[in-house]
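The chain below stands alone and is given in structure tokens; this is the form predicted alone.
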């Protein structure tokens, strides 16, 4: 038996009497044409190692395996493990199942090798997982991730966009980020109340050092925490107008108009000792 011989996903779900759990933010992609397109957009191929979070019934898992990749699937909902085990049986040893919460699992250890991340992320933890992968010890080779459209827009937003904020600044400082696919709610089972989008993030070759990234997190938290205020006020605890002047940024500007370079200058300025 091969991957091609597996039963359709709807049939597999019915046989195992499985339904999506709202508490887990589950919405399944059952159309293999869609999941295969995501695998292509992720540029995954034979010999790659891929971490997938929340595989559920395994639609995206099957598409990733079809590329010849090795897949490490992290699933919190134990109900799906028997169904996924059936996929593993015909995957020639290329599917490893890890039962656990992706927010707690050591993804680097689970992968055992440099890895890409390709996932239809559970809506309730997607943003936190992205931040963890951007700033934590596990640094994926690339990330191709499904989010709610609203979250995807926040990741790729530019200055002066309504969606521009802390997530855009941190994501784009560390990665090249772009939306590669939009999906309507009807593409999912059950359909969510919102549309979705796939974002591809590729780490930059020369990212800022860790202390600057940590400072950037502090600066953006303060600046966008009071985004309607001028920076002299929103960044008061970090130095306010004096900090802005050291960074060469107008203290009368608001966070929503400051570009990546400006925020990096502000972050570096928090690490420098004021003259005097």
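Residue numbers count along the first chain shown, from 1. Source: prediction; values computed, not measured.
From this point on, the text means the form predicted together with a small molecule, which you will not see here.
Using a 4.5 Å heavy atom cut-off, which residue among 191, 159, 100, 203 comes into contact with the small molecule in the predicted complex? Answer to the contact question: 100.
Given that the partner is absent here, does residue 77 sit within 4.5 Å of the small molecule in the predicted complex, heavy atoms only? Although the small molecule is absent here, residue 77 would touch it in the predicted complex, with heavy atoms inside 4.5 Å.
Residue 53: touches the small molecule in the predicted complex, heavy atom cutoff 4.5 angstroms: Looking in the predicted complex, residue contacts with the small molecule include residue 53, since a heavy atom lies within 4.5 Å.
Using the partner position in the predicted complex, report whether residue 224 sits within 4.5 Å of the small molecule, counting heavy atoms only. No, residue 224 sits far enough from the small molecule in the predicted complex that none of its heavy atoms falls within 4.5 Å.
Contact with the small molecule in the predicted complex for residue 29, defined as at least one heavy atom pair within 4.5 Å: yes or no? Contact with the small molecule, yes.
Within 4.5 Å, heavy atoms only, one stretch in 162-170, 178-186, 68-76, 88-96 touches the small molecule in the predicted complex. Which? Single hit among the candidates: 68-76.
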